[in-house]
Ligand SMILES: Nc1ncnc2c1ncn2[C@@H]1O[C@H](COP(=O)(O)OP(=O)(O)O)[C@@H](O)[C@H]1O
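Here we start with a single chain on its own, the form predicted on its own, put down as structure tokens.
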């Protein structure tokens, strides 16, 4: 139903979409997740040309809406959009908001549009609010009315741009319930959301967006239980991440040590944990690895901290010939590191240009 090919969107100071490609079939429910500023909403706005793509192609039912000859207004009728800010007409009551599109754009009679509007208000639980004005409704009620207004145009595709982000937490559930019901009806939907449990429950597929692309695409089970890529895993597990790279023998050890301490304090990690991270960095990177590095090398250290359970894991990846410091390194340094870790292992790195990897789980305080 939707084909996206090498979509790119540039603004003067930022490029939120660098290269996005995807195929979306009829009846699929796609949740789009990812950090703020990674192009999720921009992608939706490009799909119905509220934003004009810089380059790339978008096909709806085989028709290229990015073709200048395309009659965009006709294709837009197939695609409804629900915004985070509702966008209801405040000078009209709710049933008038819903009737306006079908009467003025689809040529329906006012009576038919009213009858259909009342059916939709019944479906979203707002039939008794038909004559109310938007200012008389709660945020959750406004968003449900906005969904009813979108459905009144009988779209084949509905785009939801963070439909709960402007709502009080107590109102989120009522809107998500309506969207769940629509998903059961087989409507094709794309939903930008920060509600992870909802995305898992309602979706047939999940797009994780990062770095200006669909970084990972998979079933909810794959994305949430077994993500294949590192940034996806970090986002799903809500990990706080610190990274640093040593690529010269004259690197600033004191500066990196200070950065580790700042990272720990920022995330309210205990002082013992901060000291353990610094000790592991010193004993492994400085004492065990650095003396073996040749002229050109990289040692990449990454700390991942889970605030929910205080789980702290460290990985150290490095270039060069295979070298297992746990078996071949300085006995005293390795003994100190093992005493600070609950788990520690060596293996082959799977991320270029690194060839070796140490992974550790710190002991809890």
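Because the structure is predicted, anything quoted here is derived from the model rather than measured. Numbering follows the first chain given and starts at 1.
Just so you know, the form predicted in complex with the ligand exists too; it's not on screen, but the next bit is about it.
> Residues in which of 40-48, 303-311, 324-332, 63-71 have heavy atoms within 4.5 Å of the ligand in the predicted complex?
Replying inline: One stretch meets the cut-off, namely 40-48.
> Looking at the partner-bound form in the predicted complex, is residue 52 within 4.5 Å of the ligand by any heavy atom?
Replying inline: Close contact is absent here: in the predicted complex, residue 52 is far from the ligand, nothing within 4.5 Å, heavy atoms only.
> Can residue 27 be called a contact residue for the ligand in the predicted complex at 4.5 Å between heavy atoms?
Replying inline: It does not: once the ligand is placed as it appears in the predicted complex, residue 27 has no heavy atom within 4.5 Å of it.
> Counting only non-hydrogen atoms and a 4.5 angstroms cut-off, does residue 22 reach the ligand in the predicted complex?
Replying inline: No.
>> Given a 4.5 Å distance limit between heavy atoms, list every residue of 1-36 close to the ligand in the predicted complex, or none if there are none.
In response: 11, 14, 16, 35, 36 sit within 4.5 Å of the partner.
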